[in-house]
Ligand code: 48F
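Next comes just one chain, in structure tokens: the form predicted on its own.
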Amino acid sequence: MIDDIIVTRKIFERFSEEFSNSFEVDVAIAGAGPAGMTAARYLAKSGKKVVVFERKLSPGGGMWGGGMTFPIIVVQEGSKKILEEINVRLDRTEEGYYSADSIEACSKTCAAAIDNGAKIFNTISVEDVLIRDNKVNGFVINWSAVEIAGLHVDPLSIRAKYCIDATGHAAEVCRIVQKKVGRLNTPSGKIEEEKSMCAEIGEKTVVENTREVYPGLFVAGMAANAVYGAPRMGPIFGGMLLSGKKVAEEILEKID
């Protein structure tokens, strides 16, 4: 016999325990795309307490759709090891180019982050940041459904030693910080906005632009190119993976 109330109680009890255990963490990540999830995996594997907030129902970001919904992605020689570490099967298509099933890559990237200890919460949006002593030290979060419905419902707060904006093209957290403090660590002090597609440049700059954009706040993945005014790069994801690894390494060098 299945008791509906027992099912409800178990869901609520487990969620309550896991959510309350994520109020204070080492690193909080906004966005569960390939950069955010890769960063979460490396950080958690190094023993850091990591939480990821994804506004959509399914983590994985744009990598799910491959190229124009053909579920295939491409990575290059320098980044394929990141997928090989989590047992994603790669086919060598041409010299220096490797293809992968986008659904397999997304699934295993998410699973690997979880297996290493990162906690992912879906349907939660980051609507603001905590700032203390001129340093970002947490996120202000709310249910995505509240945001979509336009309801006036007060949010909750998560404290973190470091935060990562991995929200993709929108660079949502960086835009919030720019609005609140007036200046980011960019040449103009503002978000430079992403340029038209050019994979050759974009794949290089997405790694170069992965950095601390304001004290306590790092930017990674496509958000990094949006913030620093570099091109987008379409369904080649090597740079995104390398960006996630780089931001993890940079935070590990700074974190207590």
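Residue positions are given as counts along the sequence shown, with the first one as 1. Computed from a prediction, not measured in an experiment: that's the story for all the values here.
Beyond what is shown, the protein has a form predicted together with this ligand; the following relates to that form.
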query	finding
This ligand contact at residue 124 in the predicted complex, heavy atom, 4.5 Å	yes
Proximity of residue 195 to this ligand in the predicted complex, heavy atoms at 4.5 Å	no
Contact of residue 207 with this ligand in the predicted complex (heavy atom, 4.5 Å)	no
Residue 159: touches this ligand in the predicted complex, heavy atom cutoff 4.5 angstroms	no
Position in contact with this ligand when the complex is considered in the predicted complex, options 190, 211, 45, 56, heavy atoms within 4.5 Å	56
The unique member of 227, 32, 217, 27 whose heavy atoms fall within 4.5 Å of this ligand in the predicted complex	32
Options 108 to 116, 169 to 177, 129 to 137, 93 to 101; stretch whose heavy atom lies within 4.5 Å of this ligand in the predicted complex	169 to 177
Contacts with this ligand in the predicted complex, stretch 224 to 256 (heavy atom within 4.5 Å)	233, 234, 235, 236, 237, 240
